[in-house]
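Form predicted on its own, single chain, as structure tokens, below.
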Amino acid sequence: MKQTPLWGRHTALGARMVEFAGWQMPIQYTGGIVAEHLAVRRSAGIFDVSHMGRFRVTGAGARAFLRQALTNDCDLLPPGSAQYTILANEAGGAIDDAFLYRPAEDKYLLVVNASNKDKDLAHLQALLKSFKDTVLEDVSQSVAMIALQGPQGEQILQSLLTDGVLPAAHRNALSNFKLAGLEVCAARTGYTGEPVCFEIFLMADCAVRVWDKLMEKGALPIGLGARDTLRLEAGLPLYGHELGMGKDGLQIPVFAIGQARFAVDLNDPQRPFAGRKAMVRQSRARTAYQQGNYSDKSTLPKLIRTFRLLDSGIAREGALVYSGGRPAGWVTSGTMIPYWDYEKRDDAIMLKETHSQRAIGLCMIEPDISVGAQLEIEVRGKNLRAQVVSRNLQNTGRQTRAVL
């Protein structure tokens, strides 16, 4: 198995290591997944995400290449910013979802899922043959990646800043600066739903020094287990669950996820990209559903919805979902999530020192089952009551809290 530059730090901290997409990665540290999840929501956590794929795209043809290779339009991406995007196929399904960063006028960095890295690279290299003056480099080994997430993250970074400025205070902003004397590039992006979020890119041989500095300032190491519970609480899709192939053996249309509105740009009819025609149909179907028109469900037969269980239990991936006694779909991701208890004081939300847990998840269900609807989910031979909700996590300024 492959090891990231931070492998030694994980083992020294007593992390339980597991195989993930060919990498040896920490699933949790000694405090456990619940404590790690809660630490991110209250203070700050650091994640080793160096296992993810990182491709650098440069050259005079880079912009034209990316406009065709990705569903989002990099013409709308000024230097110093990032955007969510999809590598799509002609059928309108996702080969992968990704984030595109533009640290400089003539330089792009595409971050893809670790499990899809080799597949994505082959796909992009095939497309590259039609573009001159474009260089595609796999820099996954030479460039490390650390995520810093949580309300104290900005304070921690600011205390280590030795030159330059942090990214502007809005989502997806990006800047280059020095952290503890080391050159880094960081963006206000992340996979936790936290309003204060950073993903830091740096040379692999500098990763340990930056990791140690972040820990010294109070950031808690977080493993893959809490990374998954945090993204699920935030309702964020995961390839292989909410994108890719569904339980029915069919490809999940990209517009089945609500985040498609951020990942797909259809405004320029002259911009060709794989799956465009299919996604135009999907977008129209989604608009019709929003207007209450469900007369044609053939293009988008199901949508990804957020739910929470009302009965005791945990609805895991693959559990069957029913509506009014009829089969309606299945759970794509589900688990038990911890959250801080809180109280309202005047207009402020105050976190308590106690926490509770609840079972939540994402499911792929019939499009006419709307927010507020009651569901039944089959768990160990019993049908448990559940409800479709708009979200399970809410931002309150620079803090997040559970939606109860």
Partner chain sequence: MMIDANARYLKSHEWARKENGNVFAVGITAYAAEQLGDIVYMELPQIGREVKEGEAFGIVESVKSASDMYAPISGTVTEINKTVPDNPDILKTDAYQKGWLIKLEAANPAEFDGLMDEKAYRTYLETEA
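Numbering follows the first chain given and starts at 1. Since we're looking at a predicted model, the values are computed, not measured.
There is also a form predicted together with the partner chain; it is not shown, and the following applies to it.
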{"item": "Residue 364: touches the partner chain in the predicted bound form, heavy atom cutoff 4.5 angstroms", "value": "no"}
{"item": "Residue 38: touches the partner chain in the predicted bound form, heavy atom cutoff 4.5 angstroms", "value": "no"}
{"item": "Residue 267: touches the partner chain in the predicted bound form, heavy atom cutoff 4.5 angstroms", "value": "no"}
{"item": "Partner proximity in the predicted bound form: residue 312 to the partner chain, non-hydrogen atom cutoff 4.5 Å", "value": "yes"}
{"item": "Proximity to the partner chain in the predicted bound form, single hit among 33, 69, 62, 49 (heavy atom within 4.5 Å)", "value": "33"}
{"item": "Of 229, 189, 81, 282, the one that lies within 4.5 Å of the partner chain in the predicted bound form (heavy atoms)", "value": "229"}
{"item": "Stretch in contact, per heavy atom within 4.5 angstroms of the partner chain in the predicted bound form, of 339-347, 52-60, 38-46, 375-383", "value": "375-383"}
